[in-house]
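Here you get one chain, nothing else, as structure tokens; it is the form predicted alone.
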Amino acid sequence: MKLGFVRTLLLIAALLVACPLFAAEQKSFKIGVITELSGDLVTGGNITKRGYDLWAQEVNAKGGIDIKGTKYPVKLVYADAQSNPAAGAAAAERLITQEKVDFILGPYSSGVTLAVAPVVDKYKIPMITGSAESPLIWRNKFKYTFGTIPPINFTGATSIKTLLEMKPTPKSIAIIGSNDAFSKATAEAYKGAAEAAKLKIVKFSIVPSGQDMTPLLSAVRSMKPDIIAFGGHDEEHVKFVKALRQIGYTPKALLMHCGITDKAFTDAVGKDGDQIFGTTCWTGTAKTKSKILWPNAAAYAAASQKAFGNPGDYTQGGCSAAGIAFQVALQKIGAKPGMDEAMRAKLVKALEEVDVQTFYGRVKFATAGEYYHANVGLDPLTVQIQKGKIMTVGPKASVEAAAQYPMKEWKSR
């Protein structure tokens, strides 16, 4: 009798294991996040983290991603790229092979993204970076990598065009870039736009990342350029402004692309940040409309302010928009957590077909050409810091305030 009972229990246990009806089902999407949580680029890495976290918090507050009537929460699993491409690639491999993530939200920097992209291609795991902007990423045509921020060569000329509308018209420019994938591409984009506009380029220099700019800027001072344009990362921008102030040279316009729209920059430089120009593709006052999570840019900025005491910049917004792009594509194909290779291939195809209005503006990924898998749905904006606030000063259709030009002397601030 006892032996028969035991045999019955063993048979039931075997059926529970074998029968698909009783198989354990993953209840949430497991999402890998690779970004720079330590090292030289930690400031930018924390900005991307805020963007990914805010998206996940908002989705989970609504019960999760609705897939055909069933809601699946999202779980973010972070891996630190340590501001190092090799570490980023290793982190990607761990997330894929050990954590078994469904897909990946990608790094802050272009250099790390370029190292991670071949890894996600190898394992056929979709990734969207909400930050990286180097044209090299998209020219490599990685099948499984997408990006919500347009590449710098797509956006870089906008601010040069705006500056050429100033009176008196600028005649000369000095361009400096740090020697990393993004910063170098930024400087090259400014150079191409300056050449097209027939601005006299008195200096073009790519320098080692983190280098003290004071000696170089002292040499530039003697050339008296109307515009100084710098391609670098957040911390480097702060040092650049301080170096210009130290040598006492105020150009008519100072242009920097990345980082000036984040509160950390304005907090660090104070009144010296006023009248600096930048290029962006989103601000918290942008006129956007959406039916997904946040109805417009202002609502997103308010949610960010509540969560982090910071309204967020275009990088943070791009990271939240990356989550939305995945969300829309997952819903389209009815994907459930624990996706196999075939379903991930469908996810890539669905991402290529995404065309959606978000709080960030339009998200639409190019499927051919030099911008392959980059978001080409946004219109670049020229911004300027005015009394500590980010104001859109170009193009004309988006202007919030008149540009202030030329810059006020450092010593009179």
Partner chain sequence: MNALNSRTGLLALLAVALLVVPAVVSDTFVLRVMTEAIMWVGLAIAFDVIAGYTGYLNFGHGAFFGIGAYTIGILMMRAELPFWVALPAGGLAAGITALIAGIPTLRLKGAYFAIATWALSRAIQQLALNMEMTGGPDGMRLTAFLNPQFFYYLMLITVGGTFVILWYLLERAPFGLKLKAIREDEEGAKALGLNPTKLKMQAFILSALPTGILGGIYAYWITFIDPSSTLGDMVSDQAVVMVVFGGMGTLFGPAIGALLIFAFKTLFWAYLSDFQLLYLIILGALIAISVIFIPNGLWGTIMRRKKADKIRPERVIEAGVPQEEGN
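Positions refer to the first chain, counted from 1. Worth saying up front: this structure is predicted, and the values here are computed from it rather than measured.
Separately, the form predicted together with the partner chain exists; it is not shown, and the next lines address it.
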From the list 119, 297, 324, 281, which entry has a heavy atom within 4.5 Å of the partner chain in the predicted bound form?
-> 119
Checking 385, 37, 356, 366 against the partner chain in the predicted bound form, the residue with a non-hydrogen atom inside 4.5 angstroms turns out to be 37
Touches the partner chain in the predicted bound form: residue 208 (any heavy atom, 4.5 Å) | yes
Considering only heavy atoms, tell me if residue 85 and the partner chain come within 4.5 Å of each other in the predicted bound form.
-> yes
Heavy atoms within 4.5 Å of the partner chain in the predicted bound form: does residue 111 have any?
-> yes
Just to confirm, residue 285 within 4.5 Å of the partner chain in the predicted bound form by heavy atoms?
-> no
Partner-facing stretch of 73-81, 151-159, 329-337, 194-202, counted where any non-hydrogen atom is within 4.5 angstroms of the partner chain in the predicted bound form | 73-81
Members of 129-143 lying within 4.5 angstroms of the partner chain, judged by heavy atom, in the predicted bound form | 136, 140, 142
